[in-house]
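One chain comes next, on its own, written out as structure tokens in the form predicted on its own.
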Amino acid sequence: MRDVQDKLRATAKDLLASGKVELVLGFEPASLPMRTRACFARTADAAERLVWNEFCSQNLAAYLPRLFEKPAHIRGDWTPPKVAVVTKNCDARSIIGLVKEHQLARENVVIIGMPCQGMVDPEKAAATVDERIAQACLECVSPSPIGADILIEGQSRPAAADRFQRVKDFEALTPAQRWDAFVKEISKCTRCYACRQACPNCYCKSCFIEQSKPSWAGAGDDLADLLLFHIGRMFHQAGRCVECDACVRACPMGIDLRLFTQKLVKDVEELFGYVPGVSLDDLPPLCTFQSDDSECFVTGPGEE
């Protein structure tokens, strides 16, 4: 990936030196091995810190809503910055989703699309090359950047043949078995909210789970409260989740959140024919209504 990294640095330097952007948001080496962290490059010299490798797994779109928030100390008019973001295709789709939900203006973002060979799961790093790739990358059907403003040339991983096999296995269980599997997985949660903080779509200034008027849940780790938080957060992702796996990577307890969020991705695609983050023109299913929309989610499949 060295040549791709050199092209990225050259592109970032040009954008910053020419004044086309004020900031390039990318990746730099972290203090721990096999890790990267967000890099905020504001000068051409700082662009030398940028890296591109199989450990650039973080979805940097999560930083954008705050970057485009008007600072509290500024009174009067304020011009939002022009920011370039280094993205995998899933990250770029998250940016499109944020634009559609009016969290940032498209003209203020330059999407730098990177070729993606799949990100390494550090927990699997000692395994063989194919076995150490993160589950989300193994199931990715669109690894090549789409809709980028600047495309860094390079080889991407082949698209997966079927990203929903695990979901299909889950759907084959009885409702009681699915519920038991969900409860067993979520019971590991410590409510650290790392999944929420890492998710680009969780940009609410006040999360529903922390509201006091009304109060939706207690502050402890009671199982009912854990289930309420995760069910509420997951359903907020319907028609928004781009399967980037930021929530899974952030979870210190190793909870398989992907299985459940991907189930919603599959349902939205099948019920409404909608894939999030692909087009700026299509309205998200939860933001619109068609008279011929399926209502089986109210009753049950085959009971309309």
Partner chain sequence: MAQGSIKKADLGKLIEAVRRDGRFFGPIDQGDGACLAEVTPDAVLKLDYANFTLPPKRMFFPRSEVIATHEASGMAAVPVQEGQVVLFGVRPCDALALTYLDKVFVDKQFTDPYYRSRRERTLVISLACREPAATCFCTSVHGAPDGRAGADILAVEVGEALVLESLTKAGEAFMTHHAKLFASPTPAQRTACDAQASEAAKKVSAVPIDGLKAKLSGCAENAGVWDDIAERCLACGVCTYLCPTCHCFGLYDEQVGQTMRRVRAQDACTFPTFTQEASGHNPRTRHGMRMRQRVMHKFCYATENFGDIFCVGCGRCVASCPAHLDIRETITEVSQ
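As the structure is a prediction and not an experimental result, all values here were calculated from the model. Residue numbers count along the first chain shown, from 1.
Another form exists, predicted in complex with its partner chain; not displayed. Remarks below refer to it.
A.B. asks: Pick from 105 to 113, 87 to 95, 216 to 224, 137 to 145: which stretch has non-hydrogen atoms within 4.5 Å of its partner chain in the predicted bound form?
C.D. replies: The contacting stretch here is 216 to 224.
A.B. asks: Using heavy atoms only and a 4.5 Å cut-off, determine which of V99, A198, V120, V83 is in contact with its partner chain in the predicted bound form.
C.D. replies: The residue in contact is A198.
A.B. asks: Taking M1, R9 and A159 as the candidate spot, are all three within 4.5 angstroms of its partner chain in the predicted bound form by heavy atoms?
C.D. replies: Checked in the predicted bound form: no contact with its partner chain for any of the three.
A.B. asks: Does F68 reach its partner chain in the predicted bound form, with heavy atoms at most 4.5 Å apart?
C.D. replies: Taking the distances in the predicted bound form, the answer for F68 is no, it never comes within 4.5 Å of its partner chain.
A.B. asks: For K124, is any heavy atom within 4.5 Å of its partner chain in the predicted bound form, or not?
C.D. replies: K124: no contact with its partner chain in the predicted bound form.
A.B. asks: Please run the contact check for A250 against its partner chain in the predicted bound form: heavy atoms, 4.5 angstroms, yes or no?
C.D. replies: Yes, A250 lies within 4.5 Å of its partner chain in the predicted bound form.
A.B. asks: Answer with yes or no whether E210 is in contact with its partner chain in the predicted bound form, where contact means some heavy atom within 4.5 Å.
C.D. replies: Yes, E210 is a contact residue.
A.B. asks: So which bits of 47 to 65 sit within 4.5 Å of its partner chain in the predicted bound form, heavy atoms only?
C.D. replies: Q58, A62, Y63 sit within 4.5 Å of the partner.
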